[in-house]
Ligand code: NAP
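One chain comes next, on its own, written as structure tokens: the form predicted on its own.
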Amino acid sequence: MRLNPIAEKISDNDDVIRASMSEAMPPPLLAAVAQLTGDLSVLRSDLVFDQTKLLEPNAGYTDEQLAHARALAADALIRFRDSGATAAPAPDHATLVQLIEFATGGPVPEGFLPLLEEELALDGQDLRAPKWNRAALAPDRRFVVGIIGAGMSGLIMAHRLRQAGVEFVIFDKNADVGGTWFENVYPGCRVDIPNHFYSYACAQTADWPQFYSTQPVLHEYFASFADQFGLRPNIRCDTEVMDCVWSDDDQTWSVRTRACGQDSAGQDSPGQESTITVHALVSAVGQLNRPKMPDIVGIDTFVGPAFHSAYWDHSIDFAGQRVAVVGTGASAAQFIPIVAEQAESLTVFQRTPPWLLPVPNYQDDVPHGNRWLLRHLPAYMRWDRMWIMSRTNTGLLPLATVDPDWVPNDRSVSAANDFLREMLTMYYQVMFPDPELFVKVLPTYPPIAKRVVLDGGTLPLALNRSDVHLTIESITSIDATGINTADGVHHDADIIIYGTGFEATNFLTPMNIVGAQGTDLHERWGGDARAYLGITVPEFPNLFMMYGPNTNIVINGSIIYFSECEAHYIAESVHMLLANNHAAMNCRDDVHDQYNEYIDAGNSSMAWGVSDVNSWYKNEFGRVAQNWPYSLHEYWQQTRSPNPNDYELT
């Protein structure tokens, strides 16, 4: 997969150019064309994105507007080709603001422009790269960073350290990079964020085959990132981190690892242990990497094949088999339609129905016209990223925000949230014409109170099949031949698949982390994980987390965006240590506690914080330990650089 491709020269005839515009939306298309050609006349005021029409078909654009916008773009590109296809100079400040305001549908708020410039990364500029280098800053000081995890967070962290000339080593228990996109190989597995936003700003690609990529494609993307940015030599795969212990005397971390695969010679060496000392430690293990099995009486007595979706057994042939699926969450919603097509019969056990958000192109291939644009106008993917970011951050977050004056009930949390509920309910009415099934699948809680499931239409089609049965009766036990429910029914099954999610609230498990003065991290948390910025914890000097507590994004962004912010903050923390000859930085308790009050207050004003519905967003104490409740810009601002006053520096 090619990252940051160079534009191909436009030499096609008029018909090809015009045909290539047929699927593009006006905001990213016209912004990209205006930037390339320098022709700002295509930025017509009647074609500016209207954020209030976000949920309407085609984002509120009429057929006439779409045709007009595409004709404007084609005409401008034809003139550009005929004049020699020489790209316009990089936009100046005023032009850049004009382009952004057209693409996002509103004025650029004060302080937003630097963030938007980073996200755009026009002409391949990596504005998030460290602006310092260890060799110039502290040439005689060795400083090694250990990174646990080679998924999307660990890789961007490694890239930033490599750019700064800081020595690092990555440990990963898997045989290759990619994290969750290496591990989860169940049928239908794909991302629920559009590709151009579920990717690094500094590493865009034109090679996405679909709008929402499948697991193999995403694994290829992260593998390509590791290859093309030279990270492989520093990665130790098949290496599981067992425990990490801080030395108060040496001001270093001792990391004990265990081999869980083969050695460099290809020989099996499971269980072989080793220890390495590092000066800073970054946990990039994520939240969704430890499968959660349900606590059901008799679960181990079933005699047939039974497995969690994260440990998919590809040796099983579902043909002629009675299959039971426990769970209807995001993963189950993706594999249920595929299993339904293969099995003799399928019984789905639902505890809480998810809200389905219709996305017509969720499983669609990128059309030929869009592929042409991506090859000839690489800026198109960057402006599309900008448009996606604007729509999710400014358009969707208010739909989850609680209106304190709204009459409290289980239906919705605001007028906007209630409007969303009405729109989604109409979708359910169309997709589930059977009244009995409709009652089963329609959620009774406010939209966005728990994870929303994107739907391209396949799940409703599967649940409507005559050989698929949805039961909402609670499971009481499992026996050798099937599943028993509270209504006294025994459901015969040959195979059981558990789509029951992950141990999301058990951060950094099963590793043992011991900080200053022998403090155990898991004992300190007591099941209620908290961190300052989701990154640092008092009593754990030079320990940094990525995708830590309260950094999960719900509907208003991409987790990769958060990882990039975290990587920047951690790299700047290393800079602070080196520039001032500090050995360690330890988060202050008062700073940590005040920050978590701010987080809790924010989550208490969101649908997922006030609704009484079971969700992996909440821990055993009922506290939202996963989610970030504010805007993307706020987190970006908070992670620009570490404030020395927030830490005890030694």
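All residue numbers refer to positions in the sequence shown, first residue = 1. Note that the structure is predicted; figures quoted are calculated from it, not measured.
Absent from the display: the form predicted in complex with this ligand. The rest refers to it.
With this ligand omitted here, the record of contacts in the predicted complex names 289-297 of 289-297, 89-97, 339-347, 519-527, defined by a heavy atom within 4.5 Å. For the candidate set Arg190, His196, His491, His219, a heavy atom within 4.5 Å of this ligand in the predicted complex is found for exactly one residue, namely Arg190. Exactly one listed residue, out of Arg351, Arg256, Arg236, Arg81, brings a non-hydrogen atom to within 4.5 Å of this ligand in the predicted complex: Arg351. Site residues Ser412, Thr425 and Ser611 are none of them in contact with this ligand in the predicted complex, judged by any heavy atom within 4.5 Å.
When contacts are judged by a 4.5 Å heavy atom cut-off, Met545 does not count as touching this ligand in the predicted complex. At a distance threshold of 4.5 angstroms between non-hydrogen atoms, Ala158 is out of contact with this ligand in the predicted complex. Taking the partner from elsewhere, Tyr186 is found to have a heavy atom lying within 4.5 Å of this ligand in the predicted complex. By the criterion of a heavy atom within 4.5 Å, Arg451 is counted among the residues contacting this ligand in the predicted complex. For the partner-free chain shown, Thr500, Gly501, Phe502 of 500-518 come within 4.5 angstroms of this ligand in the predicted complex, judged by any non-hydrogen atom.
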